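Listed next as C-alpha coordinates is one chain, alone, in the form predicted on its own.
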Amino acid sequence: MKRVETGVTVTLKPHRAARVLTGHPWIYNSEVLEIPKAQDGEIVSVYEKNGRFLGQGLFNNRSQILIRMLCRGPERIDLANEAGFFRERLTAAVRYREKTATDTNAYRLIYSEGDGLPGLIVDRYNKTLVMQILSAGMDLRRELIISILVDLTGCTGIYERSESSSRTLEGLEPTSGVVYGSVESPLQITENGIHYVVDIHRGQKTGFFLDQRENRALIGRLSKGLRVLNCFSYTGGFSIAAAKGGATSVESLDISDDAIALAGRNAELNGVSDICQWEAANVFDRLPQYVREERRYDMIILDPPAFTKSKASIPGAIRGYKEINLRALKLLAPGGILVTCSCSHHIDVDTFKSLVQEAAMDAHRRTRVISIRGAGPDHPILLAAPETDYLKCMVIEVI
(Lines give C-alpha, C1' and ligand atoms only; values in the text may rest on other atoms or scores of the structure.)
Protein backbone atom coordinates (compact mmCIF):
# COMPACT_ATOMS: atom_id res chain seq x y z
CA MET A 1 0.00 0.00 0.00
CA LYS A 2 1.41 3.35 -1.01
CA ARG A 3 2.10 5.66 1.89
CA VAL A 4 1.11 9.30 1.65
CA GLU A 5 3.74 11.23 3.58
CA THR A 6 2.33 14.01 5.71
CA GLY A 7 5.03 15.49 7.91
CA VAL A 8 6.58 13.34 10.65
CA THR A 9 5.33 9.75 10.71
CA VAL A 10 4.79 7.31 13.57
CA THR A 11 4.33 3.56 13.12
CA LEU A 12 2.46 1.43 15.64
CA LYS A 13 3.74 -1.89 16.86
CA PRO A 14 2.05 -4.96 15.38
CA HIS A 15 -1.47 -5.63 16.67
CA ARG A 16 -1.70 -2.26 18.42
CA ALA A 17 -4.12 -0.51 16.05
CA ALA A 18 -7.40 -2.01 17.29
CA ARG A 19 -8.17 0.67 19.86
CA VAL A 20 -7.36 3.47 17.44
CA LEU A 21 -9.52 1.87 14.75
CA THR A 22 -12.49 1.74 17.12
CA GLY A 23 -12.18 5.49 17.62
CA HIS A 24 -10.25 5.95 20.86
CA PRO A 25 -8.25 9.19 20.61
CA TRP A 26 -5.11 8.23 22.58
CA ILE A 27 -1.93 6.41 21.57
CA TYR A 28 0.56 5.61 24.33
CA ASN A 29 4.33 5.75 23.94
CA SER A 30 4.53 2.00 24.60
CA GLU A 31 2.42 1.32 21.49
CA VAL A 32 4.77 2.73 18.82
CA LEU A 33 7.77 1.09 17.17
CA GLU A 34 10.02 4.10 17.48
CA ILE A 35 9.46 7.53 18.98
CA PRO A 36 10.30 10.06 16.24
CA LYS A 37 12.22 13.29 16.50
CA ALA A 38 9.34 15.72 16.50
CA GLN A 39 8.47 18.91 18.30
CA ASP A 40 6.15 18.50 21.25
CA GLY A 41 2.76 19.67 20.02
CA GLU A 42 3.51 18.93 16.37
CA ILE A 43 0.98 17.16 14.16
CA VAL A 44 2.25 13.72 13.16
CA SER A 45 0.83 11.03 10.87
CA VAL A 46 0.11 7.57 12.29
CA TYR A 47 0.44 4.30 10.38
CA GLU A 48 -0.05 0.63 11.04
CA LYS A 49 2.96 -1.65 10.66
CA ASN A 50 1.57 -2.78 7.28
CA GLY A 51 1.62 0.80 6.00
CA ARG A 52 -2.07 1.61 6.37
CA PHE A 53 -2.70 5.27 7.21
CA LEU A 54 -4.65 5.61 10.48
CA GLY A 55 -4.84 9.36 10.95
CA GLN A 56 -3.08 12.36 12.43
CA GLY A 57 -2.64 13.60 15.94
CA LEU A 58 -0.83 15.89 18.33
CA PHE A 59 2.57 14.54 19.46
CA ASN A 60 4.09 14.99 22.92
CA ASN A 61 7.11 12.99 24.03
CA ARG A 62 6.80 14.36 27.58
CA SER A 63 3.51 12.57 28.15
CA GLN A 64 2.63 8.89 28.45
CA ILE A 65 -0.10 9.71 25.93
CA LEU A 66 2.29 10.15 23.03
CA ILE A 67 -0.33 11.09 20.43
CA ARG A 68 -3.80 12.60 20.78
CA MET A 69 -5.67 11.92 17.57
CA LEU A 70 -7.18 14.80 15.62
CA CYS A 71 -8.47 13.03 12.51
CA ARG A 72 -8.62 9.58 10.94
CA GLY A 73 -8.06 8.23 7.46
CA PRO A 74 -8.94 9.15 4.81
CA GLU A 75 -9.18 12.69 6.23
CA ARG A 76 -5.84 14.52 6.24
CA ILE A 77 -4.82 17.86 7.67
CA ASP A 78 -3.05 20.19 5.25
CA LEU A 79 -0.03 21.09 7.35
CA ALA A 80 0.53 24.18 5.22
CA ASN A 81 -2.88 25.43 6.36
CA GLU A 82 -3.49 23.84 9.74
CA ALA A 83 -5.15 27.08 10.90
CA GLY A 84 -7.98 26.24 8.51
CA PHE A 85 -8.44 22.84 10.13
CA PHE A 86 -8.65 24.30 13.65
CA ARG A 87 -11.06 27.02 12.53
CA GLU A 88 -13.28 24.35 11.00
CA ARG A 89 -13.27 22.25 14.19
CA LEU A 90 -13.92 25.23 16.46
CA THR A 91 -16.70 26.47 14.19
CA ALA A 92 -18.41 23.08 14.27
CA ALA A 93 -18.28 23.05 18.09
CA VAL A 94 -19.73 26.55 18.37
CA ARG A 95 -22.53 25.75 15.90
CA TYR A 96 -23.38 22.56 17.81
CA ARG A 97 -23.85 24.54 21.05
CA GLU A 98 -26.11 27.00 19.28
CA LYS A 99 -28.46 24.07 18.69
CA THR A 100 -28.13 22.24 22.02
CA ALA A 101 -27.33 24.77 24.77
CA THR A 102 -30.75 26.36 25.26
CA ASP A 103 -32.36 28.33 28.12
CA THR A 104 -28.95 29.47 29.33
CA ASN A 105 -26.10 31.85 28.56
CA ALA A 106 -23.55 29.58 30.27
CA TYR A 107 -22.42 26.25 28.83
CA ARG A 108 -19.42 24.19 27.73
CA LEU A 109 -18.39 25.57 24.36
CA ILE A 110 -15.48 23.19 23.64
CA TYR A 111 -15.22 19.75 25.23
CA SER A 112 -11.75 18.47 24.39
CA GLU A 113 -11.84 15.00 22.80
CA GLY A 114 -15.64 15.20 22.58
CA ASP A 115 -15.21 17.94 19.97
CA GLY A 116 -12.11 16.51 18.31
CA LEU A 117 -9.91 19.13 20.00
CA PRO A 118 -7.95 17.11 22.59
CA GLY A 119 -6.70 19.10 25.55
CA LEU A 120 -8.89 22.16 24.96
CA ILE A 121 -11.80 23.06 27.21
CA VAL A 122 -13.71 26.31 26.87
CA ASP A 123 -16.71 27.34 28.96
CA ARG A 124 -18.92 30.27 28.06
CA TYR A 125 -20.28 32.55 30.77
CA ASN A 126 -22.40 35.07 28.90
CA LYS A 127 -19.86 37.32 27.11
CA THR A 128 -16.83 35.85 28.90
CA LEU A 129 -14.98 32.66 27.97
CA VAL A 130 -12.95 30.59 30.43
CA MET A 131 -10.32 28.46 28.72
CA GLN A 132 -8.29 25.47 29.88
CA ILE A 133 -5.37 24.29 27.72
CA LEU A 134 -4.30 20.85 28.91
CA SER A 135 -2.20 19.44 26.05
CA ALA A 136 1.09 20.47 24.45
CA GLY A 137 -0.55 20.56 21.01
CA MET A 138 -3.15 23.10 22.05
CA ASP A 139 -0.60 25.04 24.09
CA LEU A 140 1.53 25.46 20.97
CA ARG A 141 -1.49 26.95 19.16
CA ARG A 142 -2.67 29.16 22.00
CA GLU A 143 -2.72 32.45 20.08
CA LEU A 144 -4.40 30.87 17.05
CA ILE A 145 -7.15 29.37 19.25
CA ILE A 146 -7.75 32.65 21.07
CA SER A 147 -8.00 34.55 17.79
CA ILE A 148 -10.51 32.11 16.31
CA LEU A 149 -12.62 32.01 19.50
CA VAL A 150 -12.85 35.80 19.60
CA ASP A 151 -13.91 35.86 15.95
CA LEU A 152 -16.51 33.10 16.32
CA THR A 153 -18.10 34.12 19.63
CA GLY A 154 -17.80 37.90 19.85
CA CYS A 155 -16.71 37.49 23.47
CA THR A 156 -15.51 40.53 25.41
CA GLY A 157 -12.89 38.65 27.41
CA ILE A 158 -11.14 35.31 27.82
CA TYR A 159 -9.77 34.09 31.13
CA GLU A 160 -7.40 31.12 31.27
CA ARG A 161 -7.61 28.51 34.04
CA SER A 162 -4.92 26.05 32.91
CA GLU A 163 -4.10 24.77 36.39
CA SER A 164 -5.10 21.10 36.22
CA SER A 165 -2.75 18.25 37.09
CA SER A 166 -3.37 17.03 33.54
CA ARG A 167 -1.22 19.91 32.35
CA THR A 168 1.64 18.81 34.58
CA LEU A 169 1.43 15.31 33.06
CA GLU A 170 1.93 16.96 29.66
CA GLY A 171 5.14 18.61 30.88
CA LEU A 172 3.51 22.05 30.99
CA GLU A 173 3.58 24.66 33.73
CA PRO A 174 0.26 25.75 35.27
CA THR A 175 -0.92 29.19 34.18
CA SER A 176 -3.90 31.46 34.69
CA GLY A 177 -4.98 35.01 33.92
CA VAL A 178 -6.66 37.23 31.36
CA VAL A 179 -5.55 36.38 27.82
CA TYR A 180 -7.95 38.61 25.88
CA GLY A 181 -10.05 41.71 26.52
CA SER A 182 -11.45 42.55 29.94
CA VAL A 183 -12.82 40.08 32.45
CA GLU A 184 -14.92 40.66 35.57
CA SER A 185 -15.22 38.15 38.38
CA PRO A 186 -17.56 37.32 39.97
CA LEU A 187 -19.94 37.59 37.03
CA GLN A 188 -23.60 36.74 36.59
CA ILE A 189 -25.20 34.08 34.42
CA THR A 190 -28.77 32.88 33.79
CA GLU A 191 -29.80 29.23 33.57
CA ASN A 192 -33.37 27.97 33.20
CA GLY A 193 -34.62 31.33 34.44
CA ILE A 194 -32.39 31.25 37.55
CA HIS A 195 -29.56 33.71 38.15
CA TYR A 196 -26.18 32.67 39.55
CA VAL A 197 -23.07 34.58 40.52
CA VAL A 198 -19.90 32.78 39.37
CA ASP A 199 -16.32 33.30 40.52
CA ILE A 200 -14.28 32.33 37.45
CA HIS A 201 -11.00 33.27 39.12
CA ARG A 202 -11.11 31.04 42.19
CA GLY A 203 -14.16 28.80 41.78
CA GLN A 204 -14.01 25.04 41.22
CA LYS A 205 -13.48 23.83 37.64
CA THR A 206 -13.99 27.01 35.60
CA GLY A 207 -16.24 28.56 38.22
CA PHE A 208 -19.49 26.58 38.02
CA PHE A 209 -20.65 23.01 37.46
CA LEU A 210 -22.07 23.55 33.99
CA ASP A 211 -22.36 19.80 33.42
CA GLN A 212 -25.22 19.59 35.95
CA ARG A 213 -27.45 22.15 34.21
CA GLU A 214 -30.14 19.72 33.01
CA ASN A 215 -30.01 17.78 36.27
CA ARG A 216 -30.63 21.00 38.20
CA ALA A 217 -33.69 21.58 36.01
CA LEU A 218 -35.02 18.13 36.93
CA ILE A 219 -34.47 18.74 40.63
CA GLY A 220 -36.41 21.98 40.30
CA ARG A 221 -39.35 20.05 38.85
CA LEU A 222 -39.26 17.41 41.61
CA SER A 223 -38.80 19.69 44.63
CA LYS A 224 -42.22 21.26 45.13
CA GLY A 225 -43.33 20.92 48.74
CA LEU A 226 -40.20 19.00 49.83
CA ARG A 227 -37.71 19.41 52.67
CA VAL A 228 -34.34 19.32 50.91
CA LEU A 229 -30.77 18.70 52.14
CA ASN A 230 -28.02 19.50 49.63
CA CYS A 231 -24.60 18.06 50.53
CA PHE A 232 -21.39 19.30 48.91
CA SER A 233 -23.53 22.23 47.79
CA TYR A 234 -20.69 24.43 46.47
CA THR A 235 -22.29 27.78 45.48
CA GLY A 236 -25.84 26.45 45.68
CA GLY A 237 -26.70 25.38 42.15
CA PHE A 238 -28.98 22.52 43.18
CA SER A 239 -30.14 24.40 46.28
CA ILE A 240 -31.43 27.43 44.39
CA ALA A 241 -33.04 25.21 41.75
CA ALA A 242 -34.89 23.31 44.49
CA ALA A 243 -35.97 26.51 46.25
CA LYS A 244 -37.22 28.07 43.01
CA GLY A 245 -39.00 24.80 42.26
CA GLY A 246 -41.11 25.16 45.38
CA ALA A 247 -39.21 23.35 48.14
CA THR A 248 -40.48 24.30 51.60
CA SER A 249 -36.94 24.36 53.04
CA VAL A 250 -33.42 23.82 51.69
CA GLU A 251 -30.46 23.13 53.97
CA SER A 252 -27.01 23.15 52.33
CA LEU A 253 -23.61 21.94 53.49
CA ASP A 254 -20.20 22.64 51.99
CA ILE A 255 -16.76 22.67 53.56
CA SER A 256 -15.75 25.94 51.83
CA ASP A 257 -16.60 29.24 53.55
CA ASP A 258 -16.13 31.08 50.25
CA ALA A 259 -18.56 28.76 48.44
CA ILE A 260 -21.16 29.18 51.19
CA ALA A 261 -20.81 32.97 51.05
CA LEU A 262 -21.38 32.99 47.28
CA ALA A 263 -24.33 30.61 47.69
CA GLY A 264 -25.92 33.11 50.05
CA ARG A 265 -25.55 35.79 47.39
CA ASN A 266 -27.24 33.48 44.88
CA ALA A 267 -30.16 32.95 47.24
CA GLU A 268 -30.59 36.71 47.65
CA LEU A 269 -30.33 37.23 43.89
CA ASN A 270 -33.23 34.83 43.33
CA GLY A 271 -35.38 35.90 46.27
CA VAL A 272 -35.21 32.59 48.16
CA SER A 273 -33.10 33.54 51.20
CA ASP A 274 -36.01 32.79 53.51
CA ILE A 275 -36.14 29.18 52.26
CA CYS A 276 -32.39 28.46 52.24
CA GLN A 277 -30.02 27.74 55.13
CA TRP A 278 -26.27 27.50 54.58
CA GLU A 279 -23.56 25.95 56.73
CA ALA A 280 -19.83 25.55 56.16
CA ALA A 281 -19.31 21.99 57.44
CA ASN A 282 -17.79 18.62 56.66
CA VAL A 283 -20.49 16.39 55.17
CA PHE A 284 -18.80 13.24 56.52
CA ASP A 285 -19.24 14.65 60.03
CA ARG A 286 -22.71 16.10 59.62
CA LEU A 287 -24.51 13.12 58.04
CA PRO A 288 -23.79 10.69 60.93
CA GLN A 289 -24.79 13.45 63.36
CA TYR A 290 -28.11 13.97 61.55
CA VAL A 291 -28.76 10.21 61.63
CA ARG A 292 -28.22 10.21 65.41
CA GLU A 293 -30.59 13.18 65.70
CA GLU A 294 -33.17 11.23 63.64
CA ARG A 295 -33.68 14.07 61.20
CA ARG A 296 -35.85 13.46 58.15
CA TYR A 297 -35.75 14.95 54.67
CA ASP A 298 -37.85 14.45 51.55
CA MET A 299 -34.94 14.96 49.15
CA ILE A 300 -31.18 14.66 49.67
CA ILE A 301 -28.65 15.67 47.04
CA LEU A 302 -25.11 14.25 47.04
CA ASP A 303 -22.78 15.88 44.51
CA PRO A 304 -19.29 15.35 45.96
CA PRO A 305 -15.96 16.12 44.29
CA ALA A 306 -14.27 13.19 42.55
CA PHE A 307 -13.25 10.65 45.19
CA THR A 308 -10.74 9.05 42.81
CA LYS A 309 -8.60 10.26 39.95
CA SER A 310 -6.68 7.00 39.48
CA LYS A 311 -7.40 3.28 39.35
CA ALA A 312 -5.30 2.70 42.47
CA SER A 313 -7.69 4.69 44.67
CA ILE A 314 -10.93 3.12 43.38
CA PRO A 315 -11.51 0.87 46.47
CA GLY A 316 -11.25 3.85 48.82
CA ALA A 317 -13.55 5.90 46.59
CA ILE A 318 -16.17 3.14 46.60
CA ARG A 319 -16.09 3.11 50.40
CA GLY A 320 -16.53 6.89 50.46
CA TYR A 321 -19.46 6.87 48.05
CA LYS A 322 -21.13 4.01 49.91
CA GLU A 323 -20.73 5.78 53.25
CA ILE A 324 -22.45 9.02 52.19
CA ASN A 325 -25.22 7.18 50.33
CA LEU A 326 -25.87 4.93 53.34
CA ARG A 327 -26.21 7.92 55.67
CA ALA A 328 -28.39 9.84 53.23
CA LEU A 329 -30.75 6.90 52.71
CA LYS A 330 -31.21 6.58 56.48
CA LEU A 331 -32.26 10.24 56.61
CA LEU A 332 -34.91 10.02 53.89
CA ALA A 333 -38.58 9.83 54.76
CA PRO A 334 -40.74 7.21 53.01
CA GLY A 335 -41.23 8.32 49.43
CA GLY A 336 -38.11 10.45 49.70
CA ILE A 337 -35.79 11.12 46.76
CA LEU A 338 -32.03 10.61 46.71
CA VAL A 339 -30.08 12.47 44.01
CA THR A 340 -26.60 10.95 44.05
CA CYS A 341 -23.72 11.84 41.75
CA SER A 342 -20.19 10.79 40.87
CA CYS A 343 -17.92 12.82 38.60
CA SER A 344 -15.08 10.29 38.36
CA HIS A 345 -14.78 8.32 35.11
CA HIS A 346 -12.98 5.58 37.08
CA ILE A 347 -16.31 4.76 38.73
CA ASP A 348 -18.47 3.49 35.87
CA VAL A 349 -22.26 3.52 35.98
CA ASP A 350 -22.58 -0.19 36.82
CA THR A 351 -20.16 0.13 39.74
CA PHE A 352 -22.01 3.20 40.94
CA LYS A 353 -25.39 1.46 40.76
CA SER A 354 -24.01 -1.51 42.68
CA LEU A 355 -22.54 0.53 45.52
CA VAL A 356 -25.74 2.56 45.89
CA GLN A 357 -27.75 -0.69 46.01
CA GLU A 358 -25.42 -2.06 48.69
CA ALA A 359 -25.90 1.15 50.67
CA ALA A 360 -29.68 0.79 50.34
CA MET A 361 -29.54 -2.79 51.63
CA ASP A 362 -27.40 -1.77 54.60
CA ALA A 363 -29.78 1.12 55.34
CA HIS A 364 -32.76 -1.27 55.12
CA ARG A 365 -34.34 0.89 52.44
CA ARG A 366 -36.16 -0.40 49.37
CA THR A 367 -35.54 1.84 46.37
CA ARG A 368 -36.41 2.30 42.75
CA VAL A 369 -34.65 4.35 40.10
CA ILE A 370 -36.46 7.36 38.67
CA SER A 371 -33.66 8.34 36.29
CA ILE A 372 -30.00 7.69 35.52
CA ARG A 373 -28.47 10.74 33.93
CA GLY A 374 -25.17 12.29 32.92
CA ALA A 375 -23.89 15.63 31.68
CA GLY A 376 -25.89 17.71 29.23
CA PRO A 377 -25.47 17.64 25.44
CA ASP A 378 -22.85 20.38 25.61
CA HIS A 379 -20.56 17.60 26.95
CA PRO A 380 -20.77 15.12 24.02
CA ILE A 381 -19.45 11.62 24.75
CA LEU A 382 -17.23 9.54 22.50
CA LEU A 383 -18.52 5.98 22.68
CA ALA A 384 -14.99 4.70 22.03
CA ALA A 385 -13.56 6.77 24.91
CA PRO A 386 -15.12 6.01 28.31
CA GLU A 387 -13.02 8.83 29.78
CA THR A 388 -15.38 11.37 28.19
CA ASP A 389 -18.37 9.83 30.01
CA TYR A 390 -17.53 10.83 33.56
CA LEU A 391 -20.67 12.20 35.23
CA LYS A 392 -23.28 9.90 36.78
CA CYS A 393 -26.43 11.32 38.35
CA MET A 394 -28.92 8.82 39.77
CA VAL A 395 -32.34 9.92 40.99
CA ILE A 396 -33.76 7.27 43.35
CA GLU A 397 -37.02 7.03 45.29
CA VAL A 398 -37.33 5.28 48.64
CA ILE A 399 -40.44 3.07 48.48
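Numbers for residues come from their place in the sequence shown, where the first is 1. These numbers were taken from a predicted model, which means no experiment stands behind them.
The discussion below concerns the form predicted in complex with a small molecule, not included here.
Note on the partner interface in the predicted complex: the residue among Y297, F232, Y180, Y107 having a heavy atom within 4.5 angstroms of the small molecule is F232. Interface residue among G264, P305, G73, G320, judged by heavy atoms within 4.5 Å of the small molecule in the predicted complex: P305.
Segments offered: 123-131, 99-107, 248-256, 270-278. Contacting the small molecule in the predicted complex at heavy atom distances within 4.5 Å is 248-256. Contact check for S135: every heavy atom lies farther than 4.5 Å from the small molecule in the predicted complex. Remark: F209 counts among the residues lining the small molecule in the predicted complex, judged by a heavy atom distance of 4.5 Å or less. Though the partner is left out of this view, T91 does not reach within 4.5 Å of the small molecule in the predicted complex, counting heavy atoms only. For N282, a non-hydrogen atom is located within 4.5 Å of the small molecule in the predicted complex, even though that partner is not displayed.
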